[in-house]
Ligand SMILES: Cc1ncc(COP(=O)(O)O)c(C=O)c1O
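One chain follows as structure tokens, the form predicted on its own.
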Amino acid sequence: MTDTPSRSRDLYQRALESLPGGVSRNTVLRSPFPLYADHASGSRITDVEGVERIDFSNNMTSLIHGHAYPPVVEAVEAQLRKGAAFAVATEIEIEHAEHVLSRSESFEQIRFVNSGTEAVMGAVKAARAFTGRPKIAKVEGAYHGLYDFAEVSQTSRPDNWGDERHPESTPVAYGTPAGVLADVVVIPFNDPDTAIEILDQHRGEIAAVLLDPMPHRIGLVPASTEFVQRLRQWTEADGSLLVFDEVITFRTEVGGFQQRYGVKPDLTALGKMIGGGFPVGAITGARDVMQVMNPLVADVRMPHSGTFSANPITMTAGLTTMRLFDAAAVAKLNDLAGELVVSMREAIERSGANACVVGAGSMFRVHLSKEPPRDHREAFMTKEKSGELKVLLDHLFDEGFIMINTCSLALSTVMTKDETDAFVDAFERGLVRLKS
């Protein structure tokens, strides 16, 4: 670490004593110490050193209206004066449920939880309870949170991922039970023929096929329509469920990314944006499947509760946020993002850099290759790729931009062309620097 006086450095030294690695989430780490926020407003964060930066991370896509959005602040302040949490129900839970359900035909009932991880976990458990089957299938390399079963293959690498036509089920955490690995079938992304060939070997055993329609860890490349439709056809014929993970992608359309495919998943896991900046998750989908959580039926297949599920602060912030992210707001934000992507591609062309930009809606990612990756194996970050990407990320950070650490961006409705034009200028300078 440098000898330059720094409050962030001092805070990190304190943190190392009480937190493993000095943090509670690995994504905020950077060398030589993390950035510590002092306050934020709109699209800008000011750190404890007094430096202001434009935020293109928006807390890993979760802040659709940026920081300290006045309507959310006012609504939350009013609710705080009424109370932060109760061991009784609240009307705001019903109102938020009704609003989220109104956004998609596949959403018939909903249960709120406290994170995207918890939403995926609940959806998988609900699928098992509904079908009576043990196994799930998931895409190689896809991130679905911390749940043992959902994280299988997330960090697979060349020395353990096996044959591409039969990907291995690999653990993320040491100590993952062998039984967990045995109950997760791994399929390749955007390769419908191979995926179906693998799934056919497990007919009658799979409770759910879990799919993020635009998986961030695989490169933020959208799933092809054929891939999604073939999985839907297979699950319907097999009697298994199709579960979408739209924790990140729900921001892309009024009804989520599933709107683009003409299919209705049986269950969808939601999170991030629907909490308005507060911890949140939700399990939603077909009424008959959601009934496994109904405590009023004779055969309760999946008892479900949670002390902070549907707490009124999150429900208030989430409902206020979602009502203001209507069809017009979605279209306006997506248009701004589309213009930014065009400008970034023009910057790549001018710089002559070996790079491309992919994504959809208000999210996209930079790859330091001419073509986007087709699957996890092509997206795999070697040490060389990671080193090059770090040069670009450090450059953008020094120029005043906060990014998701994969060099991904998530826009917010409070952004304008002033912020996006400034980013393009810095991005082009970074590409020139990287090339030289």
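One rule holds for the numbers: they count along the sequence shown, beginning at 1. Here the structure is a predicted model, which is why all the values come from computation and not from measurement.
This protein has a second form, the form predicted together with this ligand, left out of what is shown; the following refers to that one.
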Legend entry - in the predicted bound form, the one of 143, 149, 364, 261 near this ligand [non-hydrogen atom within 4.5 angstroms]: 143
Legend entry - The single option of 235, 334, 115, 343 touching this ligand in the predicted bound form, heavy atom within 4.5 Å: 115
Inset, instruction - With heavy atoms only and a cut-off of 4.5 Å, decide whether residue 242 touches this ligand in the predicted bound form. - result: no
Legend entry - Residue contact check: residue 272 to this ligand in the predicted bound form, 4.5 Å heavy atom: yes
Inset, instruction - Report yes if any heavy atom of residue 72 sits within 4.5 Å of a heavy atom of this ligand in the predicted bound form; otherwise report no. - result: no
Legend entry - residue 124: touches this ligand in the predicted bound form, heavy atom cutoff 4.5 angstroms: no
Inset, instruction - Tell me the stretch among 127-135, 81-89, 244-252, 173-181 that has any heavy atom within 4.5 angstroms of this ligand in the predicted bound form. - result: 244-252
